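Given next, in structure tokens, is a single chain: the form predicted on its own.
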């Protein structure tokens, strides 16, 4: 299964980024072969709609699950429409969150916020 996590840096250990749409990078991790790669988030510098653009990039990457601390409603709609589940991260350690996901300890993200709509937070 391929999962995506918004991260601050292109290295392991990286920290989970608090913002999905404005995260500098996404870690794409394959839970089966344990391979990881980093991709730049082209939406991070967008004037507006960063969450939706980032969500479409996740969909285009054929991800099956997104691990993130929060997500705006417009981005969540795009992600969920593609059949991708969204899980709430616990803390900022990417490695711990991957382990928690693999062991079924992360809960689905149910608290979707209304988004920041051009205010730079998402």
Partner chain sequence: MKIAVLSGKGGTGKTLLSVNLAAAAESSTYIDCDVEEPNGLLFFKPQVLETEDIAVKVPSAKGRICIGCRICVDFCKFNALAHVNGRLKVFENICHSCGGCLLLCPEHILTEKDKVIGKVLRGIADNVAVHTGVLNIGEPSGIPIIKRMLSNSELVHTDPIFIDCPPGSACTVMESIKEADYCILVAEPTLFGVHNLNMVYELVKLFGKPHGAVLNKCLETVNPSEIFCEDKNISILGKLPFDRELATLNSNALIAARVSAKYRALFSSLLRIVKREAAL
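All values derive from a computational prediction rather than experimental measurement. Positions refer to the first chain, counted from 1.
Omitted from view is the form predicted together with its partner chain, to which the following refers.
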{"property": "All of 46, 60 and 77 with a heavy atom within 4.5 Å of its partner chain in the predicted complex", "result": "yes"}
{"property": "4.5 Å heavy atom contact, residue 64 and its partner chain in the predicted complex", "result": "no"}
{"property": "4.5 Å heavy atom contact, residue 56 and its partner chain in the predicted complex", "result": "yes"}
{"property": "Proximity of residue 86 to its partner chain in the predicted complex, heavy atoms at 4.5 Å", "result": "no"}
{"property": "4.5 angstroms heavy atom contact with its partner chain in the predicted complex for residue 52", "result": "yes"}
